[in-house]
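First, one chain by itself in structure tokens, the form predicted on its own.
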Amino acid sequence: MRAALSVLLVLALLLATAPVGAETFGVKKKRPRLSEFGNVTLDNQSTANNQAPVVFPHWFHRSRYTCRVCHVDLGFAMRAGATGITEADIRAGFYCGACHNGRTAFAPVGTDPDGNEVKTCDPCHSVGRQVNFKHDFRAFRRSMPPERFGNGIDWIEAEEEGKVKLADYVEGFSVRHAELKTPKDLELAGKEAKMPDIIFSHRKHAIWNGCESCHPDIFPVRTGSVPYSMQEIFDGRWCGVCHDKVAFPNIDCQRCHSKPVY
């Protein structure tokens, strides 16, 4: 008993004398499973209506559509839950309902053999449920070029090799414009000593995002007009709006800090 009290006293002294903020040092975030990286849980109204929250699998949708078509043409916010989508919106053909209409993808409601209305809830409202999904991530992952982090998929290489063919148009929502000239790659000087500078490829980002996803809401149009730090990116700003959430995580340093060092 006396030994146990001594241990507790030592622990209490260590906690009392630890520097402010030390509890955050050395804490490694748990990496999500490959199949779950980028998934978004939506629960604006589900739990309140005694329904399981929705899990949106980014890996499946990004294998078929550009980011731009959803986050620009269909109007999805870049932050989970910020759009406030309702079932009535989807049934009316907006947001998810632009594709989940019974033609392009399964509809939120269908009919049974007797003509009665049947809700198709499980594929979306899947939190805490054992759902047999039609599309298997593991089989898809094995067919794609590998990458170290995120989903374990090199999405850019997959697109360039034609292994994913991205649709960039949804009838009734998308508007066709003349293509803009793609700006050249940018070299951005890193602030960390001995860290290679960043090469930002407008071409690679434009394939998936277009210009509207980033400018001007996330980045000003003029290069270098607003300085930002790596910590801000880790905190979900600037590049961190997508990277670490859906695009490859920020721990994959060489994907950005890629300027050759001589």
Partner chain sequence: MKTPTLPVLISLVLTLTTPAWAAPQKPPAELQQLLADCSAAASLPAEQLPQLAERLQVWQQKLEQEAGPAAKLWRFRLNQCRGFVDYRLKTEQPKSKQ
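Only a predicted model underlies this, so the values are computations on that prediction, with no experimental measurement involved. Throughout, rigid core stands for the largest set of C-alpha atoms superposing within 1.5 Å between the two forms. Residue numbers count along the first chain shown, from 1.
Although it is not shown, the form predicted together with the partner chain is what the next lines describe.
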Heavy atoms within 4.5 Å of the partner chain in the model of the complex: which of the stretches 129 to 137, 68 to 76, 158 to 166, 144 to 152 has them?
-> 68 to 76
Any chance His125 has a heavy atom within 4.5 Å of the partner chain in the model of the complex?
-> no
With the cut-off set at 4.5 Å between non-hydrogen atoms, does Gly81 touch the partner chain in the model of the complex?
-> no
4.5 Å heavy atom contact, Leu180 and the partner chain in the model of the complex | yes
Answer yes if any heavy atom of Phe60 is within 4.5 Å of a heavy atom of the partner chain in the model of the complex; otherwise answer no.
-> no
So, Phe94, Ser213 and Arg222: all three within 4.5 Å of the partner chain in the model of the complex by heavy atoms, or not?
-> yes
Please say whether, between this form and the one not shown, the C-alpha of Ala48 moves by 2 Å or more once the core is aligned.
-> no
